[in-house]
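One chain comes next, on its own, written out as structure tokens in the form predicted on its own.
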Amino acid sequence: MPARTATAALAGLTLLLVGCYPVQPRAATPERPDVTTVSAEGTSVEDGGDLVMGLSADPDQLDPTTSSSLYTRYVMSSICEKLYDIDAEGELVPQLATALPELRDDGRTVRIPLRTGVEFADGTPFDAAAVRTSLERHLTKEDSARAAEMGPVKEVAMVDDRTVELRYDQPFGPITASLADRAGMIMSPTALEELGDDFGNAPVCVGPFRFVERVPATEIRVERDPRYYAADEVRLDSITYRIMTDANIRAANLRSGDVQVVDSVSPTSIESLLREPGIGLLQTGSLGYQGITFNVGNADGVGEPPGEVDSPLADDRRVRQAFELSLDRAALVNSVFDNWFQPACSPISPETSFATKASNACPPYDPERSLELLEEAGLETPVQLSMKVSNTPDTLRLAQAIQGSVAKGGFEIEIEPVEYTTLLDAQTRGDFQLLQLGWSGRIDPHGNMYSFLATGQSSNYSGYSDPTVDRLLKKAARQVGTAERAETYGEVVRLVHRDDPLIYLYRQRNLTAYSEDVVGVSTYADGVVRLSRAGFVEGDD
């Protein structure tokens, strides 16, 4: 349904949520140290077994080129290695490459050396030709979500069988960080030729595990790949990713021993869960954010030119500014999430070297000014809006808290809860007024900003378009120094606060609970739960 017809259709909606979650002032979030890995040191680890992970949402397509879900990255991390990865400290490290890229021609040429003696799960040799095929697919596939992440590539060239070069007209600083995520996942060219657009139904890559089967909305199974170049480091026979959208059910299955790892632990259940013997918690800060997207121009689907959206939010930025001034972030986030998450006002984590005074700035909570802005915009209050959210208990509590907070500023929100993949689809099609979702985050700001804010990009779900923002984002990608780039990204944040196509709300901690029967589980700042080196502790059957 095109967004321009969304307002009229709202009258017919039946699945709406009413009622507010009480928001109470809380103390500031305490300091919590990161715990990234369940160490295997001093432990005897069994060879074999099936590890079951309770997954909080059903991944979208298992295709590195087109997917947009964090949960897809969980599964793909086991079956589809990348040219680069990050380590527990958030530093870039080689994975299918053998070293960090060599920059030539003042950064216009990015030379990547590749591993040798490596095969894909179908026996196809891994070489420069295979890498070029994958990277060119990312750049040229019509529905690719990766093209913007790779920047304005002029050519993907093979220097020899084990060396690839990315060539640009101008330097593109974020490329190594991009290749440490889905843009760097290399797919079997044989499988790509056979499956084409259906690659995600039976993905074939280089990885410690290979895809076996997927039962939609139920589970995904992978098994150990004997062709893997480091097969001697893999302990498990298989991994089953079981879809469990309810955090309470995931916790119950962890307690019973039916699953060994669960992601996205609800902050409200952490204390009781950790009182259980034999259960541990990994926790890391996030590079990403959770936010509220306003549909200001996504009339014909994401990636299309901005169009007309029939909504007071789309027509007048004063209305969006009023909405943001109505949000008491600190009280809301601390109350809903028991002081586990941090309020956030920009896509740049304050913990990174790209943070500046501008990126850390936060609009105040000022419901009185909100009412004034709505009056200036000529709107009667309450302004009625609809917000789509996922149907998980934590998100519903957040939505109800938002509902209560913005009421003081002159807004009345109807909450429309939908299943996660349905929410992703609505976001893509522009079928929403407001929509609450987040982004798991990348180590370079380009990965958290360009696709979401530049005109016509693959993740610009709001349909936002501003020539100055476009120019600044491209400028930042060309700059070399971190301080210089940080300053430019700060300018972008100032403009985003002015226009408010997307309100940044909070930054969660990545919370992964595990049975102490297993070791080798890791969760880093990119939010991905890594199981490729996990194993069962010997004698803990």
Partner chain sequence: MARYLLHRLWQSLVTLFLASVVVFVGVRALPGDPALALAGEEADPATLAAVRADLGLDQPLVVQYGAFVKNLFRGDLGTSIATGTPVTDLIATTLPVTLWLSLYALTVAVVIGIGAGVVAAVHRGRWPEWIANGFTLIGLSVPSFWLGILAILYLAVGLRWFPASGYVPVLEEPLRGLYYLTLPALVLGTALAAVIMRQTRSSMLETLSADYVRTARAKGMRERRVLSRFALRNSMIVVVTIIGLQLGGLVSGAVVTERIFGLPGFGKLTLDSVFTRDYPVIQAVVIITTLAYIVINLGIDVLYSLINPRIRVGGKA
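Positions refer to the first chain, counted from 1. In this text the structure is predicted, and so the values were computed from the model without any measurement. Under this definition, the rigid core comprises the largest set of C-alpha atoms superposing within 1.5 Å between the forms.
Omitted from view is the form predicted together with its partner chain, to which the following refers.
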Problem - Site check Ala217, Ser256 and Thr428: each within 4.5 Å of its partner chain in the predicted bound form by heavy atom - result: yes
Problem - Contact of Ser144 with its partner chain in the predicted bound form (heavy atom, 4.5 Å) - result: yes
Exercise for the section: Decide whether His138 counts as a contact residue for its partner chain in the predicted bound form under a heavy atom distance cut-off of 4.5 Å. Expected result: no
Problem - Contact test in the predicted bound form: Ser459 vs its partner chain, heavy atoms, 4.5 Å - result: yes
Handout entry: 4.5 Å heavy atom contact, Arg242 to its partner chain in the predicted bound form
Key = yes
Practice task
Tell me, please, which stretch of 415-423, 78-86, 334-342, 122-130 lies within 4.5 angstroms of its partner chain in the predicted bound form when heavy atoms are compared?
Solution key: 415-423
Fill in the blank from the handout: Assert contact residue (its partner chain, in the predicted bound form, non-hydrogen atom within 4.5 Å, options Pro101, Pro306, Pro94, Gly438) equals Gly438
Exercise for the section: Sort through Asn201, Asn360, Thr381, Thr190 and report the residue having a heavy atom within 4.5 Å of its partner chain in the predicted bound form. Expected result: Asn201
Completion exercise
Applying a 4.5 angstroms cut-off on non-hydrogen atoms, the residues of 52-89 near its partner chain in the predicted bound form are Asp58, Pro59, Asp60, Gln61, Ser68, Leu70
Exercise for the section: Please check if Thr422 moves between the shown form and the other one, taking a CA shift of 2 Å or more relative to the superposed core as movement. Expected result: yes
Problem - Threshold 2 Å Cα movement between the shown form and the other one at Asp85, rigid core reference - result: no
Practice task
With both forms fitted on the core, give yes or no for whether the Cα of Gly438 moves by 2 angstroms or more between the shown form and the other one.
Solution key: yes
